[in-house]
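First, one chain by itself: the form predicted on its own, in structure tokens.
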Amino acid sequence: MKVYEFEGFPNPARVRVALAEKNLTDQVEFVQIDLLAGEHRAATFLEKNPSGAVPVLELEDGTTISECTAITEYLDHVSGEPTLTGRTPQERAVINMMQRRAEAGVMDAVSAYFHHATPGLGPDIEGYQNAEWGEHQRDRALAGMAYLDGVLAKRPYLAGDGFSVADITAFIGLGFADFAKIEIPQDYVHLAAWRARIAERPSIAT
């Protein structure tokens, strides 16, 4: 398998954590796509992912899979334990729900703030920016953090008793918030305690 990525960026980081959790990292060749140099706009890469986004997983038969959730879903079925996407229909549904809430409420909101309300990756990459929209998304990200803090007041992980793809998305999203200088309110104590625990996992700490 190959993973096309720009190492250090949030979405590629989500897939790297999933690979590490599934003990599959050594089965992957990482191919760097220099976003700052515009390599994601090259025709050869757009054939793999028309949106031009990383990461992209390429299988041995040439099949390409983009979107972090889809890639994680595939990886979760390549190797059995631990599961990141659930075993039973109910587990899978709850994890999917919480993953999307973490993605939309934190990850995507922080991304919109970064790309619209800050210089982002620079004018050559950003193109259109709307600062007012970006600031609105900052407020949305803070609301998303408040929601997650409330969830974590009742259970150890976002989707229940076990670590899942929802926790990966939220953890990387909070790291992106740090980078974008969106300060996480200090009174979100449950979110802070959860984050400290997740940071100690081998898939993240190493």
Ligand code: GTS
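What you see is a predicted model; the values in this text were computed from it and never measured. Sequential numbering from 1, following the sequence displayed.
Missing here is the form predicted in complex with glutathione sulfonic acid (GTS); even so, the following discussion is about that form.
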Notebook entry, point to check: Should K22 be classed as touching glutathione sulfonic acid (GTS) in the model of the complex when contacts are defined as heavy atoms within 4.5 Å?
Noted result: no
Check: Though only this chain appears here, would H40 touch glutathione sulfonic acid (GTS) in the model of the complex if you measure heavy atom gaps against 4.5 Å?
Finding: yes
Notebook entry, point to check: Contact between G160 and glutathione sulfonic acid (GTS) in the model of the complex at 4.5 Å, heavy atoms?
Noted result: no
Notebook entry, point to check: A53: heavy atom within 4.5 Å of glutathione sulfonic acid (GTS) in the model of the complex?
Noted result: yes
Next item on the list: Using heavy atoms only and a 4.5 Å cut-off, determine which of A104, I125, V78, A93 is in contact with glutathione sulfonic acid (GTS) in the model of the complex.
Entry: I125
Notebook entry, point to check: Which single stretch, out of 160-168, 23-31, 66-74, 143-151, brings residue heavy atoms within 4.5 Å of glutathione sulfonic acid (GTS) in the model of the complex?
Noted result: 66-74
Next item on the list: Between 1-37 and glutathione sulfonic acid (GTS) in the model of the complex, list the residues on our side with a heavy atom within 4.5 Å.
Entry: F9, P10, N11, P12, R14, L35
